[in-house]
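Same chain, two versions here, written out as structure tokens and called structure 1 and structure 2.
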Structure 1
Amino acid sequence: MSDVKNPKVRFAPSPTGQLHLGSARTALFNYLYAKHHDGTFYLRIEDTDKARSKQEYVEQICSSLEWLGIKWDGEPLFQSTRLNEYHDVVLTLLENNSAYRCFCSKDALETARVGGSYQYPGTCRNLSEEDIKLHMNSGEGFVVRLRVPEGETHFDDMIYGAVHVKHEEIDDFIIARSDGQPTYNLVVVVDDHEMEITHIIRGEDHISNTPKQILIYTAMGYAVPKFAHLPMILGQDKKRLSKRHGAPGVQEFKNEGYLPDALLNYLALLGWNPGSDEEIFTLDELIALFEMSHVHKKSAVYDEQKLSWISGQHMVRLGTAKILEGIHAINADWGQGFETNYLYAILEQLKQRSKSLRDFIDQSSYFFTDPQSYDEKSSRKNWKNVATSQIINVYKKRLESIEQWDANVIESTLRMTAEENDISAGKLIHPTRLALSGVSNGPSLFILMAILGKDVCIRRLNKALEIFPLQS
């Protein structure tokens, strides 16, 4: 289908914050593209902004990627370790006349900016050797700018198609700051060349950097890689997704109890479609199906409800052992002191009712401790008077004599009791559920009772018989 072989891609976050949804999707698409084509997925930490980069963010980003199951190949490359290489490239560019020193002060340029033009006026573009020496000798600071030639640059974006940019629209941009530090555009090119990256897959916000980078590739005589720019993810207000949309970092999704595969699944569907009506996929399935040609340019709005649904779908498909593992990852105490089989039985029942791992925790308290309170509405509705207490008492007595404690027996006993007393089964089921769980919803009552066990059921019924009806 595709003639791409063993591509090398990279995900290059800057450690100035934790991994966000948008970045996570960029990482995902890089990963999917690489793995689909038997390629390599590298991680590069863009930590040249010393003021904003933090080690703790490096760790957070890495652990988020690990949690997601996006595994990078080899060791991460840290740009902060490659300052010498960048410096050498700047010198080469200076030597081959592709770049030049600019002695204009920042303030001077700032005040020179008028109207709609933000471009560098080219003051130092053609300084003579003597002028340069003069400036240098007087100890003036300088930046290095790329000498952008006349003409235009074009490239074929895998998603955007043909992009043409006239050079008049490109500034003689800075590649080295006055403190000698290289800038983003320079650094990216040097590393992508060094790492032999074949496909640069990144957010649409980088599209205008691309011609600048191509200019550097060309000036250095490097082969130009292929580019794919991904559409943005927006919040409900159609603004670029950010913290204030309540969709912060990947870390939060983990804490909320989302499954990594579910998050990945949802993210993949933002801007890409599998070419069928299927919507639920594991990571491996996404790898197999991923095609860059199915990625479109339109930005997508993040929708937590759909994420939640997808999460629920994954939950149902997941084995109980995996679920237990996941729950313990966010709450190691859950179910402590109870047998694993007991926990499995609970999870099996709660699966259909849980969208996240948190839901299991939130819904399962009555499996471990007797209800401390009873749903008020249900109390009023389902255990109104002493008549209910009397019939519950009858049922309880019969339960006490059951030898074979299983759901079928529990159920037939209840139905028999109801029938003999000429009431509907529901009249007995609802108060019993209330007495046992304290709430009015949950798994089938008889399965619930079978799981809880005879002793617990009798104990809780006795307690409820003391309390209900609340007031008469």
Structure 2
Amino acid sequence: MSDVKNPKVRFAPSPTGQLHLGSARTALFNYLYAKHHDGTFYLRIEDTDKARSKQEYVEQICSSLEWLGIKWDGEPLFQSTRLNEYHDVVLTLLENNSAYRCFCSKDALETARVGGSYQYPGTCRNLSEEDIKLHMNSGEGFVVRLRVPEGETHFDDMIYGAVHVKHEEIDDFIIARSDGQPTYNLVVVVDDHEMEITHIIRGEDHISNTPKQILIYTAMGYAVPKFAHLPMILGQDKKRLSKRHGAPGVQEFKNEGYLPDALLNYLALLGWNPGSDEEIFTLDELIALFEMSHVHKKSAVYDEQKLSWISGQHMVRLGTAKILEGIHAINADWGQGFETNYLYAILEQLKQRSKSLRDFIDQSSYFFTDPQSYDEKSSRKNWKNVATSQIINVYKKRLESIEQWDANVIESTLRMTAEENDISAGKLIHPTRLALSGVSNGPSLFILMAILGKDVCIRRLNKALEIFPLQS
């Protein structure tokens, strides 16, 4: 698609819930396509469902897009403000005989159903003007149906290629309900035409709507845009991704302290590849690389481990000062009262173990306060008896005599102590870590001890020595 110039695309969410991953991926692919080809990216809020649409979701969707860095051009368009435009198009379609009023009752339609399938039999398709007037004068309700002609509709999908649909598979579908409300297929065509949308990029669940919409474009004499239907995102069970798969909405990723570039990076790889083995990208890099020809037909599978890995890679790349700034945006009290250099040292050690900013917060408490409890499983495994206390006490006394407190000296002292007592280094490393942090894992023990400082390490070892012999 290298010949595309200045495309106009849109992202059109319904404000009936927060922005989920599938919708965010759709927004991203539209944005990347537009910006790669020097085009325009519009936001349209499809809020015609008054019962389910809420302003709080409008704000949340906009906030999530802004956080991700997906910036729309111009002002958002709200469908709820455009009902008159839709009604005018319905009248035009009635006037040019592309649509007709259907007075069939629900009971009559139910009777026409055969088995589990149903197509409208065209009962009201050829009513005379006199019959129509009689129905309307009697106050009967009606819907408006598009008059589907004989033949077939075909379009070249930018991902799936040529699609052909015979019109005998499409009944005369409703474009306006009995209460006058226009249907989805009509309103999106009207909006996309008036917004001059050139490329409609959306999920493959909409591919069945496309022939119907093309019929409306044709009936109105509108230019038909190009279509691209993105592969579905599935859970590990190969069913459509939903909350039951543990996939949070975008707002929850933000609250958990994920980096927006990391989430965008992962979403881009759900159904697209750059044509190389590279997997870590910034938003600007994605814009430069994005080509619709590299979007897969096969459904993508949500992989939380892959997301964590990508997020961790972005975290490692992020400057320490930026990490601290991000943490304070989540928790302004984190590290309060400690020098910035001390905080930087902590963050540098936790980078490799953190996929989100909140991970830093959750994993760092022992850098600021002495452990109030000790991991039970690790305690049983690594501090089994008084013999452990005795060797820890020997190591502690040697630490007290160290003048140059750095990681290398701390490590050599431990290994010397282990060798002289004919035990493995691990017999000292694991209980020492437990005493200092209360947990069984973390960054290098010796760097941890260097950061904590001599006084803190000695104090915590003394505290553990008071507690553990009583438990042996």
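Just so it is clear, the structure is predicted and the values come from calculations on it, not from any experiment. Please note that residue numbering is based on structure 1, beginning with 1 at the start of its sequence. Note that the rigid core is defined as the largest set of C-alphas that superpose within 1.5 Å between two forms.
Two forms of the same chain here; which is the form predicted in complex with the RNA?
Only structure 1 fits here, because that chain is the form predicted in complex with the RNA.
If the larger rigid part is held fixed, how many degrees does the smaller one turn between structure 1 and structure 2?
Hinge rotation between structure 1 and structure 2: 16 degrees.
Keeping the rigid core superposed, can you check how far the CA atom of residue 421 moves between structure 1 and structure 2, in angstrom?
A shift of 11.5 Å.
Please state the CA displacement of residue 433 between structure 1 and structure 2 in angstrom, with both forms fitted on the core.
Residue 433 C-alpha displacement between structure 1 and structure 2, core-aligned: 6.0 Å.
Per-residue Cα shift, residue 368, between structure 1 and structure 2 [Å; core superposed]
So the C-alpha of this residue moves 3.1 Å.
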